[in-house]
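Take a look at this one chain, the form predicted alone, written out in structure tokens.
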């Protein structure tokens, strides 16, 4: 595989060779992608899927990289970064049609300007619509499942499908997209008309909460671990005395024990070792198995 081959299916200015993945993850960690391609249309995505299938090339799909830990060795084959940024807002019916590459914060701001309420909870989540749907992202007592009407996606054969909220089988930090090789392209969201000042106040309140409670001053992939069915994971980690514990450049945040941060040029290996150490300590002290919320590639 070479750039001239890929250049036949997508313009060369969208293709990056041996591109450091640390530039595309909120952790600021990760070795090079053999080929990274910025995908802005469904046609481009279909072309890449077809090309990868015909050439038997590994294809990895990412959004904003805000929930990813990429290995220090990088990623072989093609990394498709989804930047499908279409956006239509029906103010009258408070309905939004949005491309999967649109960032949650941007959509929240657009809704605010139209006086549309119900998306404030997602305003501080640093991901794209596609990534948020995939993991049913949430904050402040609401999740994506509470606002999504329908989802359009492409399978690895290039076929387009549309499913309802119910068919997406949303659960805590999970959906059918967590387990399948489907690529979300477009989402329909139902919100409600609201008061601009109230929406703005709520977004500011959530931003202040995030600033106060979360270590946003350091690179991270958000909350590292899922909460337990009958326990709060961060509380158990804290009770193990692990706040501030560091392996290499990776540290369990002193501000919030549920976050592993890139404190000082951490490697992917540093983070992985710290995750395993944390899981072991929590199990040894409380007999509880904790699971990562982040995706490791």
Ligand SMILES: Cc1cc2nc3c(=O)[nH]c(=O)nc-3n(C[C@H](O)[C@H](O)[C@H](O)COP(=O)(O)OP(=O)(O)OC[C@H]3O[C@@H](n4cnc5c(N)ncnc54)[C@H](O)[C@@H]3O)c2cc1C
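Being a predicted model, the structure only gives us computed values, none of them experimental. Positions refer to the first chain, counted from 1.
One more form of this protein exists, namely the form predicted in complex with the ligand; it is left out here, but the text below deals with it.
Residue 125 is the only one of 148, 96, 107, 125 with a heavy atom lying within 4.5 Å of the ligand in the predicted complex. Put simply, of 116, 132, 168, 75 only one has a heavy atom within 4.5 Å of the ligand in the predicted complex, and it is 132.
Across the proposed site, 26, 62 and 66 without exception bring a heavy atom within 4.5 Å of the ligand in the predicted complex. Although the partner is absent here, residue 138 sits close enough that one of its heavy atoms falls within 4.5 Å of the ligand in the predicted complex. When the ligand is considered in the predicted complex, residue 214 lines it closely, a heavy atom lying within 4.5 Å.
Although the partner is absent here, residue 173 is a contact residue: one of its heavy atoms lies within 4.5 angstroms of the ligand in the predicted complex.
Under a 4.5 angstroms non-hydrogen atom cutoff, the ligand in the predicted complex has residue 210 among its neighbouring residues. Here the chain stands alone, but in the predicted complex its contact with the ligand, taken as any heavy atom within 4.5 Å, falls in 181-189 among 87-95, 195-203, 158-166, 181-189. For the partner-free chain shown, just 100 of 84-104 comes within 4.5 angstroms of the ligand in the predicted complex, judged by any non-hydrogen atom.
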